[in-house]
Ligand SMILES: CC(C)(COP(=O)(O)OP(=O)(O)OC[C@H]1O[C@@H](n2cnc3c(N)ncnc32)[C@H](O)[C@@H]1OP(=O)(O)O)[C@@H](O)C(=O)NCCC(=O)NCCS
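The chain that follows stands alone, in the form predicted on its own, written as structure tokens.
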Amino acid sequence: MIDPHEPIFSVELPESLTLRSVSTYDELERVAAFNGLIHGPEVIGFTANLFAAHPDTRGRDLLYIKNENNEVIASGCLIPWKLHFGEVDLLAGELGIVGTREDYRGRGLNRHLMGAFWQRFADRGCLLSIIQGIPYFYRQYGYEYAHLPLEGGWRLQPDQIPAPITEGYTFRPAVPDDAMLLAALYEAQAGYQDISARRTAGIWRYLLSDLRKPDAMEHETLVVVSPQGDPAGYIRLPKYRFYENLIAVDECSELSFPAGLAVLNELARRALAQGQDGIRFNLPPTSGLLKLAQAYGAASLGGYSWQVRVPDMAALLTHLGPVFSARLAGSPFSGLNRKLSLDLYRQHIEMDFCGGALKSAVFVKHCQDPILRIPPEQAVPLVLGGRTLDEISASYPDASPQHLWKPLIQVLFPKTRAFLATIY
């Protein structure tokens, strides 16, 4: 939301350009219109809604560059997330809606935006940055694929779905007054993940509000109602989607078998009514609805991944101390008392464990007898659990553990179950 009392960020750039944050609704409208020209008309509403109505955004998060004629020529933003990772919550900043007017490309404006982004990232206390972004391009800024699921999923044809076993399930549009109900249902299904996005009732009210359209992240949210008239779950269907020939469901609460079968039949009905070729399930592997679809013959469409950058790996490891303590407690290394060195080639980190708890993780100049050597970019999927050490080592021979301590590495850095349902 725009806060008129928030300090304005403003920096003069060469060629009579100015980089600044949005401080008024007029500025927001101008940047939204620019984003629509660069990314498509549905991004106008997305930008305007995100920074006028979302409870967690501020004008300082939306950056733009203007020329001497007061024309917006480039923009980007930080979208604040709170992630739940095992025993801790951590703050993340998504780099989003980045674009430059064609006649100003190739002048390094993106690097100025990135510098301001990282300053805002630090001000917000974020520990990692995520991006959906252009394949490969953002590696130059330190991002790496974390193997945390983003898009793709599974495809099921309507004629593969059996008839419902219980009649009487209905579906109604969710409204803002459903926020507390949906927040509780969401937390129950997110509890099956090791890494998930926190979504407050305030965020739910934003998702369910009647905001400006079109919006690139517009969804239809449906409450599943039992034959007795009670809420039995919910599903969310995106209006704009990959695989435009497939109706998509990218969020679903846990459902009973009869309710899940009713949902599959409703999706099949909609696919046929809209002339779609099938149904795409972009859901976590733990989802009961996805498991039903797979049992009835759903075929994999592959998947994409979030890209992640961790500017300060020692700070992230320190924050994850309670996660490591919980993992050690259920292992042969319970009560560990030892300093462990990680060699990231360009950086070296020492983790100090006492009584099974992580006291500190700090950068050191020299790495004595490291238990693991790993390229810094590949430390990201290892720490977040997107890939195991064995999976990384198969592609990166310079990711190698000290043989004695490989079992400890496997305990500290296991594969995780992760899925980030969007907060906008």
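Don't overthink the numbering: it's just position in the shown sequence, from 1. As the structure is a prediction and not an experimental result, all values here were calculated from the model.
Unshown form predicted in complex with this ligand; subsequent notes refer to it.
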Inset, instruction - Note which of 276, 193, 325, 110 lies within 4.5 Å of this ligand in the predicted complex, where distance is taken over heavy atoms; exactly one does. - result: 110
Legend entry - Candidate from 118, 138, 234, 154 lying within 4.5 Å of this ligand in the predicted complex - any heavy atom: 138
Inset, instruction - Please name which of the stretches 38-46, 52-60, 352-360, 383-391 has residues with heavy atoms lying within 4.5 Å of this ligand in the predicted complex. - result: 38-46
Inset, instruction - Examine residue 106 and determine whether its closest non-hydrogen atom to this ligand in the predicted complex is within 4.5 angstroms. - result: yes
Inset, instruction - Spell out, yes or no, whether the shortest heavy atom distance between residue 100 and this ligand in the predicted complex is within 4.5 Å. - result: yes
Inset, instruction - Indicate whether this ligand has at least one heavy atom within 4.5 Å of a heavy atom of residue 134 in the predicted complex. - result: yes
